[in-house]
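Here's a solo chain for you in structure tokens, the form predicted on its own.
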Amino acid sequence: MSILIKGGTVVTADQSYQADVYCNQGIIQAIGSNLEQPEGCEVIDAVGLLVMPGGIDPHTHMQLPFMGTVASEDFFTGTSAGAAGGTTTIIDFVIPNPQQPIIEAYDQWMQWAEKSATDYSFHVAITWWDDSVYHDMATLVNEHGVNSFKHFMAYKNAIMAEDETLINSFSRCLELGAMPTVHAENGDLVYHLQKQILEQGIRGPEGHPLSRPAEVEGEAANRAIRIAQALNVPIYAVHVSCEESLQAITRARNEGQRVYGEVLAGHLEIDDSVYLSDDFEFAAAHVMSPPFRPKKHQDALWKGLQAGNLQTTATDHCCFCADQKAAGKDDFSLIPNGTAGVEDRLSVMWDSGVTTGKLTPNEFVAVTSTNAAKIFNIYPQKGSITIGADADIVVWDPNGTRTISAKTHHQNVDFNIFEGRTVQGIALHTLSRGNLVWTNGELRTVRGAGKYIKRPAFSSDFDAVKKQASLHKPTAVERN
């Protein structure tokens, strides 16, 4: 089916203009004024509406096995919920168990993701190190289109990467033209603080932020960035939640280092008072890592986004229902970490960013779509309204409103961290590869319609830094 979007205002990361957009065979075929309607073509009336690239969420965890349970959201329900909110591509995470071959884990996630309703890609976590990991990273980059590798600096005795693993993996990333990414929290310090707080008799969700203060994140962010600086490799910091991490990123960028920062819609909007509720289910539902912070950090994060020191917005969408969160009823350290948001990110960011004047519509497109496409090397296939790009489009009503609620959302979880909030700015129509997957409140997603997106290795930027770097190539002994 072909679709003609007529009379709207096309809004990209760098310009806004009146134009019709014609989509056929999953691709944007024409952009211009008064385009003719081909026979059999469906028309979307976009007069008074905005036509923007579909959202790209660079940080989700669908169907994730974690902390003794499995996230309630699978790849079909999660991508469908994203479509209802205007998101058309996710970059999820393959997280191997320690000692599990990373190719084996990648194959497992690919199998789970076959049910996706919209397009998807993967970062792959490096949770351990030996010669097989070294070689499998090359296979993933060269044969499977993986150009980013995740490193958890937290979760001691589980998936935490020690400094030696960071050094080996970062070096390998530079050799391969891949981007290292980090979850920056000092896992040893978190482990120590958790034990200390539990010994003090603090066992409820209020103990969670106490065990992960901003200093824990700031130290790890600075350490990872300095390691990347020494190896001369670009680096991407996920879910930056505090001023201390932002300061480390800003310092590095001011010194010319290639550092990229991601912020979650939740961290921009929700503060740590949620953990003080007497209602365990409410407080536990907000347990994620890093935790929600005092309000001063939100102000700093917004300024970091406005200044360009944070480039992308994400959700860290990882859903656990009340019965799953109850595993930590008597011990906050056992509460499965994660919250939802893939359906609500764009509306929350428009409402808090554009309607308040913090962001222009073009900046909104940049931080919700285009920057992620550029950083992870899938632009202009994704994140753009250009001829030849994938027809991933959201037709946006900047004045439309909706009230967010777990009772009406499409996310497969029984709680919404934005519960009761009325937002201005909604997706009226969402196209994934030219197919209407959301239109006027009706979800039309098809199980398995999403495609895996290969992301090519980086070349020019990495070649430039390689010329300056004295590469440390781990020997067989060092890799073991």
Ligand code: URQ
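Not measured: the values here are computed from a predicted model. So that there is no doubt, residue numbering starts at 1 and follows the sequence shown.
Absent from the display: the form predicted in complex with this ligand. The rest refers to it.
Contact with this ligand in the predicted complex, defined as any heavy atom within 4.5 Å, is confined among 193-201, 126-134, 311-319, 349-357 to 311-319.
Using a 4.5 Å heavy atom cutoff, none of Val141, Pro380 and Lys454 lies near this ligand in the predicted complex. Among the residues Ile426, Ile28, Leu49, Leu64, the one placing a heavy atom within 4.5 Å of this ligand in the predicted complex is Leu64. A single residue from the set Tyr120, Trp109, Tyr236, Tyr155 has any heavy atom within 4.5 angstroms of this ligand in the predicted complex; that residue is Tyr155. The closest non-hydrogen atom of Gly338 lies within 4.5 Å of this ligand in the predicted complex. Residue contact check for Ser148: none of its heavy atoms lie within 4.5 Å of this ligand in the predicted complex. Heavy atoms of His183 reach within 4.5 Å of this ligand in the predicted complex, making it an interface residue.
Using a 4.5 Å cutoff between non-hydrogen atoms, Thr250 does not count as a contact of this ligand in the predicted complex. In the predicted complex, Met288, Ser289 are the residues of 272-292 with at least one heavy atom within 4.5 Å of this ligand, listed from first to last.
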